[in-house]
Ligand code: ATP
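Next up: just one chain, as structure tokens, the form predicted on its own.
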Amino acid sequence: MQNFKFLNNIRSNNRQFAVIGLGRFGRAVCEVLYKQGYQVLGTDIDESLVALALSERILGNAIQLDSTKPSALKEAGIFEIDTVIVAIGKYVEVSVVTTLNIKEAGVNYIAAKASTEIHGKLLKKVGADLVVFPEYDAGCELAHRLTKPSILERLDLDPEHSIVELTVPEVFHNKTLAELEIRNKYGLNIVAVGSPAQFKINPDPQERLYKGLAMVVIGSNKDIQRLPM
């Protein structure tokens, strides 16, 4: 579930985004947003990365500029965009200065990539509304997939609670939700049951589960781990 937490923390009613830093992470953010129909402006100090992003057609426009210079950001129209993503992780000083420049210009919402915990704290201090740790999140996701292959999707609500989509365990096959007593036995709530083509939201207690379908549950990670998988 790459970038799931990141993209879902950005308000869906926004139609314009700027991505500063067109490395692998920045280009991935551009591609997902652009494919979803949003207007995306990308920038990088490296002219070759700007050219690459344009050739890949993953954004509407891309400009080469130095994001540590407020005048360059203003001239490019970055300060007029509602949401700006600072996708600079390698160069901490550049990342922090860029975030500060954007914050002081009054940009409404800033999301920033951090490479370390200290980097993340600095970004928060200078005004980032959302800080993400892509490498850490990817590592956690890999660990979950290797140890719990039946989990199809995962959204962490906080360090202790999640929403997960998983395949219906074989021991649940042909049993109703009432018979399984998921809430009483596991402390979890089932919010949807079905297939990728069609889910039933808030299913009836008499809804019967079948092997091969999926169910979406919400609850503590400790309780989710107790589910048969």
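These numbers were taken from a predicted model, which means no experiment stands behind them. So that there is no doubt, residue numbering starts at 1 and follows the sequence shown.
Although not depicted, the form predicted in complex with ligand ATP is the subject of the following passage.
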Close approach of V94 to ligand ATP in the predicted complex, 4.5 Å, heavy atom: yes
With a cut-off of 4.5 Å between heavy atoms, is K125 one of the residues that contacts ligand ATP in the predicted complex? no
Just to confirm, I78 within 4.5 Å of ligand ATP in the predicted complex by heavy atoms? no
Taking any heavy atom pair closer than or equal to 4.5 Å as contact, tell me whether L180 reaches ligand ATP in the predicted complex. no
Work out which of V168, L52, L65, I163 lies within 4.5 Å of ligand ATP in the predicted complex, going by heavy atoms. L65
Quick one: which of 82 to 90, 154 to 162, 125 to 133, 102 to 110 gets within 4.5 Å of ligand ATP in the predicted complex, going by heavy atoms? 82 to 90
Partner contacts in the predicted complex for 35 to 53 (non-hydrogen atom within 4.5 angstroms of ligand ATP): D44, I45, D46, L49
